[in-house]
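One chain is shown next in C-alpha cells, namely the form predicted on its own.
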Amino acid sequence: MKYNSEECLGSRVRGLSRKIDNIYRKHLGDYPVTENQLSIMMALHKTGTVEQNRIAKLLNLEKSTLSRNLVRLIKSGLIDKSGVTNRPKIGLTKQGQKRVESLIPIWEAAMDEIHAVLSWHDLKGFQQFESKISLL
C-alpha cells in the first residue's frame, strides 16, 4: 500500500471541518440556525437576491444540502424564493436581514477563536491549499 490511513486528506479535512463546525455551534448557542444555514444567509447578505445555483457554487454545497436548508430557512421566514422553477432566485427577507445582522458578531467571535490559533503563514498556506484543490 502506497499510503497509510493517517495520510488520507479526505478524512483529515472532514475531521477539521467537524472541529470548526463545533466552534460555530458553540457560538451560535441557542440561535435556531445551523452552520450551513448561517453560511447561506451570510452569502445572501453579501450577494443580495441571486439564482439558487449561484449560492450552491459559491459555497460549494450539494444541491440537496442547499435545498434541505432552504426549506427550513423559507419556513422560518428568513429567505424568500421566487422566479421560475428551473432557475429560482433566493434572497433574505427583512427578518432574515435582521437575523444576519444579529449573527455577524457571533460569527466574528467564532472566527476570532479560530484565527487565535492560526498564524498569518497558516492562513496563507490554507489559501494556497484551497486554491490548488479547487483546480481538481
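A residue's number is simply how far along the shown sequence it sits, counting from 1. Just so we're clear, the structure is a prediction, and the values are computed from it rather than from any experiment.
The same protein also has a form predicted together with the DNA, omitted here; what follows describes it.
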{"query": "Exercise: residue 61 in contact with the DNA in the predicted bound form, heavy atom 4.5 Å", "finding": "yes"}
{"query": "Contact of residue 94 with the DNA in the predicted bound form (heavy atom, 4.5 Å)", "finding": "no"}
{"query": "Any non-hydrogen atom of residue 81 within 4.5 angstroms of the DNA in the predicted bound form", "finding": "yes"}
{"query": "Residue 115: touches the DNA in the predicted bound form, heavy atom cutoff 4.5 angstroms", "finding": "no"}
{"query": "Contact set, 108-136 vs the DNA in the predicted bound form - heavy atom within 4.5 angstroms", "finding": "none"}
